[in-house]
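Let's start with one chain on its own, the form predicted alone, as structure tokens.
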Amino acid sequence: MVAYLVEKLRENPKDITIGSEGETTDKDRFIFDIERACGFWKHYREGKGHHIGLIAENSYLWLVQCMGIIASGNIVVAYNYFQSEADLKHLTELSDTEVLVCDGGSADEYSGFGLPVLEFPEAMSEFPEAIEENPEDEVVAILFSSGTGGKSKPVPLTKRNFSAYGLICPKEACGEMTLMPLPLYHIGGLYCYYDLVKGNDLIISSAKRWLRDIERGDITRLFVVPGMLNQLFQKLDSGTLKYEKLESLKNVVSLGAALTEDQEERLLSMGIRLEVFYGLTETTGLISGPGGEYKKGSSGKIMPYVEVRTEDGEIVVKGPNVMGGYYKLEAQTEAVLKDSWMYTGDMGRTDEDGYLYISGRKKNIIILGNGENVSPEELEEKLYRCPLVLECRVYENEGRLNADICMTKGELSLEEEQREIERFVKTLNKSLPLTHRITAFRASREPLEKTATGKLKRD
């Protein structure tokens, strides 16, 4: 996996730039740093296959260590550092993590985990070692599934899983300056691996820094989840971000959830090319994405290595990108993997051109007292048509549909915005069947609770 990346970097005549937090380096230094990390982990413990936890903020060194650990024949276990200490301890035990690696100056935060803790600068050898290719079915990383509810489950992924898209992505357009603000501990953030394979420059950002980083003036490609676009539009509308700063931006890649019609229209009106990727941690990301002209409302074209069918509206997939099962969780594996087919839990359909359309999560479907099914995502998309709605979540309460709304911070007062939203909801309800109407809502300026990857949390 890493040997393939290095091969592609060296083949590329372009001097690829990789950086974060205002500092950049070239591909030769990047490869050298991976080799130094590889050299350290080859000798840290005897043998290969050790589970090494990465628990740190997005950074250049995070990516270097991730690649170095894999190149040494060991396994990266990628942690969401925002989780509680109790949850993190549980996950280290569940995944058999043997050592933790963290940001410089952060070791004390994890001293109570009962594991050795190293900081990034300590996990680099003075002597680089050659990178060897991983066997096809060797586990290279354990990521944690991140649905909108329930407990995280460890997902072992192999070189074969990562290679499914990695072998075809070099054929796609390259020469971009990519800004990656999604968390690297999640499969969405690890798409930066594929951008480097393609030959793109890469700036690693974060949820805290991306609105500042996008003002560099040279970003051409941006990864987001839809909620981030609302933040971007709010800054543009308030004048705190000038359109001129986005003149270089030509491509927006959206993951995690469907774009709303308004988000699509606004980006397209700015002359920006859209790509919507759909996938799960369990499918090493891409089930659908690039591969054809953009179709409004779709989640892209089904990848050539994936078979897709639907059962009772649920999307079921099969391919070399699909995991072999959760780590040491046999019952949970049997619930989603049947005869190598992965039951995604997402509802959707395909069209005659091979494009995939997602209508919502199966477990999110609200079953009303009369037996009728309601997709909260479809109602939320309608609420997003109100320009004052920044975020929203529809849910069932005693047999009725309610909504939580986070409002924009515009020129109107809080009370005026609440009244405007109330008028919008009343008008919207008139166009909906009686059982689909929103009977109550709470509107404030407090952000709604989300998962680490920006998805709305649901009960």
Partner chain sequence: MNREKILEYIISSIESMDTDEAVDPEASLIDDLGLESLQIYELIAELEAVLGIRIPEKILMRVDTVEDLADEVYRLTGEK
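Fair warning: this is a prediction, and the values are worked out from it, not measured in the lab. For clarity, a rigid core is taken as the largest C-alpha set superposing within 1.5 Å between two forms. Residue numbers count along the first chain shown, from 1.
What comes next is about the form predicted together with its partner chain, which does not appear here.
Site residues 233, 251 and 264 are none of them in contact with its partner chain in the predicted bound form, judged by any heavy atom within 4.5 Å. Only one of 349 to 357, 91 to 99, 316 to 324, 106 to 114 places residue heavy atoms within 4.5 angstroms of its partner chain in the predicted bound form, namely 106 to 114. The contact residue chosen from 443, 438, 18, 9 relative to its partner chain in the predicted bound form is 438, the criterion being a non-hydrogen atom within 4.5 angstroms. The partner is absent here, but in the predicted bound form a heavy atom of 206, alone among 333, 220, 206, 125, sits within 4.5 Å of its partner chain. Proximity of residue 212 to its partner chain in the predicted bound form falls within the 4.5 Å heavy atom cutoff. Contact annotation: residue 156 falls outside 4.5 Å of its partner chain in the predicted bound form, judged by heavy atom distances. At the 4.5 Å threshold, heavy atoms of residue 429 reach its partner chain in the predicted bound form. In the predicted bound form, its partner chain lies farther than 4.5 Å from every heavy atom of residue 29. For the partner-free chain shown, 81, 82, 83, 84, 103, 109, 110 of 81 to 116 come within 4.5 angstroms of its partner chain in the predicted bound form, judged by any non-hydrogen atom. Residue 430: CA moves 2 Å or more between the shown form and the other one after rigid-core fitting. The Cα position of residue 12 differs by less than 2 Å between the shown form and the other one after fitting on the rigid core. Core-superposed comparison between the shown form and the other one: CA of residue 45 displaced by less than 2 Å.
Between this form and the other one, the CA-CA gap for residue 234 and residue 437 narrows by 3 Å or more, being smaller in the predicted bound form.
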